[in-house]
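Just the one chain here, laid out as structure tokens, in the form predicted on its own.
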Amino acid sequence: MYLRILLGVDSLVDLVKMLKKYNQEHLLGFYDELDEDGKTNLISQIKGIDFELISELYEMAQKGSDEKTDPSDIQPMAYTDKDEISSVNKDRYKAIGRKICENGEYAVVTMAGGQGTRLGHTGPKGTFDIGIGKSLFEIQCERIRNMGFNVPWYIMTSKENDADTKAFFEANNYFGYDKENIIFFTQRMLPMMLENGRIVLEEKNRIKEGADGHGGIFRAMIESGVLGDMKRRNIKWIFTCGIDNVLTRPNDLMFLGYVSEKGSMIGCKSLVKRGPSEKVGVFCKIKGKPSVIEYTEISEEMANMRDEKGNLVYGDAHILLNLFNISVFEKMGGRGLPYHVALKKTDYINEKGEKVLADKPNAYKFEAFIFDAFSYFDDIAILRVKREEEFAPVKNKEGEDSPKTALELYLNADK
């Protein structure tokens, strides 16, 4: 009876029939070899998969669905350089932002669903210490706490790191922050698929899944009840960011006031690209709508184009520091965003039960991007900031965007 309840079908036979329909029966190929926990975990994963969606995404991957943008549809995007705002206006924006916080209308959402694997770290990425005796979570918490307001802090985790993240906060007494104002929620996970269309078994009892990207935040906030909680708290403005940028400033009252006064529903911070060939998405308008175009879709000519002052025309990089009016989540949450496909390298269990070690990209991963929401609005407010003041990501174990480079920038920046 327990198995029937878990499956949501009459029997294991019915589950096999369903898997055969989608050519995924290999997922139960080693079922009889598993212990009870292994069987339960595997069936729970299978039950959570939207096979119709996965089939559609596989077809999209086969067709190469990410269409190239016609260069004639792309135009530059207006921005405001923070350095060119007068001190009087900066103070005015800060006062507006402070008032919003005093009214309890501001919240922060940190996207922290990743593991620290690339850094050689075991555990959620947010628990990583760059060398100052503080985790990435604590660095961000300090900035929110130092605002002096009871700002609700929502943390988006993933199924793989949710329990460990919560345990870390509990063990560290929530870094001195009011635990009632720290709310965790999880984002959707999607299975990876081999190029032959089979869902990846990373172990005989476990399907290889990945978080559905930062664009999954809209649907996750609806499904988890977070948006409803924000409405009950009378939140009007939501700052969203990743966990791996040690210079993220969720306490930037000037930015909050700037976007609010501009009358935009979305505000974004940008950086000047290091050069035409830097591999980042850049702000632009596509068919008159605000967008971010990936470096792979912009021509070399456009990437090198400069204005009369010698600045790159398409030089403002999106750095995942965004401010949304809550109405954006109300509009976007139910619809979800389109998925993009990337070919990744992943090991898997073959039909003989052997572990195959991949030596090249061999599996599709599906993700939604938060900036795809921009095109549903007529305009967004872009504030250009300095890289050394606001962007020090921790992505690689060594070299560029590593703990070493992030630590140097963190120590030299205003806290």
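Numbering starts at 1 and follows the sequence shown. Quick caveat: nothing in here was measured; it's all calculated off a predicted structure.
Quick note: we don't show the form predicted together with uridine 5'-triphosphate, though the next part is all about it.
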In the predicted complex, the residue from T127, N322, Q187, S270 with a non-hydrogen atom within 4.5 Å of uridine 5'-triphosphate is Q187
Between the options Q115, N181, S260, N251, which residue brings a heavy atom to within 4.5 Å of uridine 5'-triphosphate in the predicted complex?
Q115
Within 4.5 Å of uridine 5'-triphosphate in the predicted complex: all of D50, I199 and K208, by heavy atom?
no
Would E390 sit within 4.5 Å of uridine 5'-triphosphate in the predicted complex, counting heavy atoms only?
no
State yes or no: in the predicted complex, is some non-hydrogen atom of K82 no more than 4.5 angstroms from a non-hydrogen atom of uridine 5'-triphosphate?
no
4.5 Å heavy atom contact, D316 and uridine 5'-triphosphate in the predicted complex:
no
Do R92 and uridine 5'-triphosphate come within 4.5 Å of each other in the predicted complex, heavy atoms counted?
no
Counting only non-hydrogen atoms, which stretch in 285-293, 68-76, 302-310, 117-125 is within 4.5 Å of uridine 5'-triphosphate in the predicted complex?
117-125
Pick out the residues of 241-275 whose heavy atoms come within 4.5 Å of uridine 5'-triphosphate in the predicted complex.
G242, I243, D244
